[in-house]
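Next up: just one chain, as structure tokens, the form predicted alone.
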């Protein structure tokens, strides 16, 4: 067995209405002036109210709410939230929402801890110490941001995604409350779910050192997602479906934060930065094409997934691997996700436009973990087949 390092910095609490225990958990990790970061939709639907009330009724906390996080958060949003937190003297953070909200909170924690501009800290392992106490409560089952050691923030001026990666970025505590997901619309349920599928598949085939820990997390996450995601998409109030997809998303999040992802994520980051497409939906479109590109380097690993998930018993790795790609396509189609970039509203690009986007993808940190090298021409080919 090869040597490996496996890291899980976040404590995880799972269960119905565990979100209401957030004040107790915050007292354990420190802080009394809470900056709650969320989005306007969650505030308007009333989903936030019981959690905010739990803090206010506790009597030990001062609460400040920042709810202006957009679906695709950017540097400007992080700056605004940081200014609010700094102005109120906030010393801990509670984030409630999808990946955009949770990543925004991670970036705000960087700025409140170290000061300066967010851009100064982009890249991998550029942080020197622990950040402000942070509890994350996801309201989607896809990003894994509640346990990951990375954050992606858009630089709108440059039309690209900035990556921040460090073991200090992961929230101290993740609260998984499936009741918070029952109103998540089918389209977002499907798209975020395919993001989790992509995390698990790319983590399982990463060029980085994988381990028995990450392997088990990836396989179990995929078993849960292939079984429960169609049910969660069709019947949002099915708590079993919500619970299982939520746990699967977190499992995949732990896996990929240890191994990295690959060319699918690199292309999704580049495309999302340029056109504002939903990250999970973009991953869904690129995933089968990225897998086909990686077949000669990762086909045996794809075949292992296919057999573990009982999609096939065929001993031929190429046939088994292609079965997995077909099953990924079937899953995405069954939950009504678009299968081409053009169906997502991405405009046709000329030759220079595609080359520019491929250049951005080629410099995305995710691509360094792809199981085989991807040249600019390779990336263009994947993009064109997905278009």
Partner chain sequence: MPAFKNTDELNAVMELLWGTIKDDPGMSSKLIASKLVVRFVYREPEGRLTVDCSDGKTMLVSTGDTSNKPIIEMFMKADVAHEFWLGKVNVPVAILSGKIVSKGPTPKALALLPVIKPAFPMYLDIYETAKKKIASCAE
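Residue numbers count along the first chain shown, from 1. Worth saying up front: this structure is predicted, and the values here are computed from it rather than measured.
As for the form predicted in complex with its partner chain, it is not shown, yet the points below apply to it.
With the partner omitted here, the stretch from 117-125, 237-245, 78-86, 267-275 that lies within 4.5 Å of its partner chain by heavy atoms in the predicted bound form is 117-125. When contacts are judged by a 4.5 Å heavy atom cut-off, residue 182 does not count as touching its partner chain in the predicted bound form. With a 4.5 Å cutoff on heavy atoms, residue 258 counts as touching its partner chain in the predicted bound form. With a 4.5 Å cutoff on heavy atoms, residue 209 counts as touching its partner chain in the predicted bound form. Though the partner is left out of this view, residue 295 does not reach within 4.5 Å of its partner chain in the predicted bound form, counting heavy atoms only.
A heavy atom within 4.5 Å of its partner chain in the predicted bound form is found for one listed residue only; from 20, 376, 25, 368, this is 368. For the stretch 157-183, the set of residues having any non-hydrogen atom within 4.5 angstroms of its partner chain in the predicted bound form comprises only 163.
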